[in-house]
Ligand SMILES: NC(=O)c1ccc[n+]([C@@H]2O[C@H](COP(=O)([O-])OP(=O)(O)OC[C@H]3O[C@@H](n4cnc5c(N)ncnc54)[C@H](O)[C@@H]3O)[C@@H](O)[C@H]2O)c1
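One chain comes next, on its own, written out as structure tokens in the form predicted alone.
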Amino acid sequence: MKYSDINLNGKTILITGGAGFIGSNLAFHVQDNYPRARVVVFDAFALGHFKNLRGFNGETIAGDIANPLDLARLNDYKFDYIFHEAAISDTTISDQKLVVQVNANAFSDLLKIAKAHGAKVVYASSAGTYGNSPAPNRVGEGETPENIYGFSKLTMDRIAERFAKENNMTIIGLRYFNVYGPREIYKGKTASMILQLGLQILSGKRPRLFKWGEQKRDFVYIEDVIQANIKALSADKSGVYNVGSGEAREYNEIFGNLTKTLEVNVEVEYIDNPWNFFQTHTEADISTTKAELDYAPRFGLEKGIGAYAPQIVKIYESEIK
């Protein structure tokens, strides 16, 4: 399904982190809808996995976004659009220097490449920029990150804003909320709780939730995230936008929906939360995203879990069982 009137056929497109969850879904969306586009995937193959790219017909570069020698390989191309999805996304990593180097410093280097190519940039920001600020979360308000990951993403937003103004470029930041869907299995412990709970349920285990399962998150299905990325290419000005469903749902609801959809009857186990930076309530205010990017979420929680459930069963049977 095409999400925009923009025609990517004949264009050269870079997707950093293109073997990862969101990046690989982007790669296949472009391949399926714009067969004459030239798509180049750049990935360090850490959280990204070659199996996410099986069937991909474009070009693949193995490289670390924070390595200048690897980035130099991109100078062999002339990109029209860049989707920047590469990042350290594990919120439990405490090496502050490393996270800022990979997420923020490397982003600055990539923007210089984009400037040289005259490319429009769409990059992954995060709801982590809001920390535990009161929901609903709005761009420009309550931007008080609780961990180094959220701080690095907020730093990226500031870098993009300044760089766009100084160089007359269009750079769009998308603050993803809790994304879930196909091709996330190789994220391991950073995969969505929807996948992790689903696999635990199918295994007959008692899934664990932090006491008492009343925490709320805005879960957004991968198809809506792809929609936002593609529509962002049509933006005529720079900006940062929330990408979520626009609705917060309790963890208990997630568990209930999964057991019902997967048709497995198990009980939940409530445990203490060991993380002091844990976000207890996130909810994307997507009014600006709707108005300026024409973003319209198509998947509520029930529809998203219903679409994802067959894949969760397949993953369980092939990877876990």
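Note that the coordinates shown come from a computational prediction; the quantities given were computed from them, not determined experimentally. When you see a residue number, it is the position in the sequence shown, counting from 1.
Although not depicted, the form predicted in complex with this ligand is the subject of the following passage.
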| property | result |
| --- | --- |
| Contact label in the predicted complex: R217 to this ligand, heavy atom within 4.5 Å | no |
| 4.5 angstroms heavy atom contact with this ligand in the predicted complex for N137 | no |
| In the predicted complex, Y308 touching this ligand (heavy atom, 4.5 Å) | no |
| 4.5 Å heavy atom contact, E283 to this ligand in the predicted complex | no |
| Three-residue site F42, F45 and A124 fully in contact with this ligand in the predicted complex at 4.5 Å by heavy atom | yes |
| Region of this chain that lies against this ligand in the predicted complex, out of 74-82, 203-211, 124-132, 108-116 [heavy atom, 4.5 Å] | 124-132 |
| One residue of A164, V102, A235, L195 in contact with this ligand, assessed in the predicted complex (non-hydrogen atom, 4.5 angstroms) | V102 |
| Heavy atom within 4.5 Å of this ligand in the predicted complex - the one residue of V240, L154, A228, A87 that qualifies | A87 |
| Those residues of 173-191 which, in the predicted complex, come within 4.5 Å of this ligand by heavy atom | Y176, F177, N178, V179, K187 |
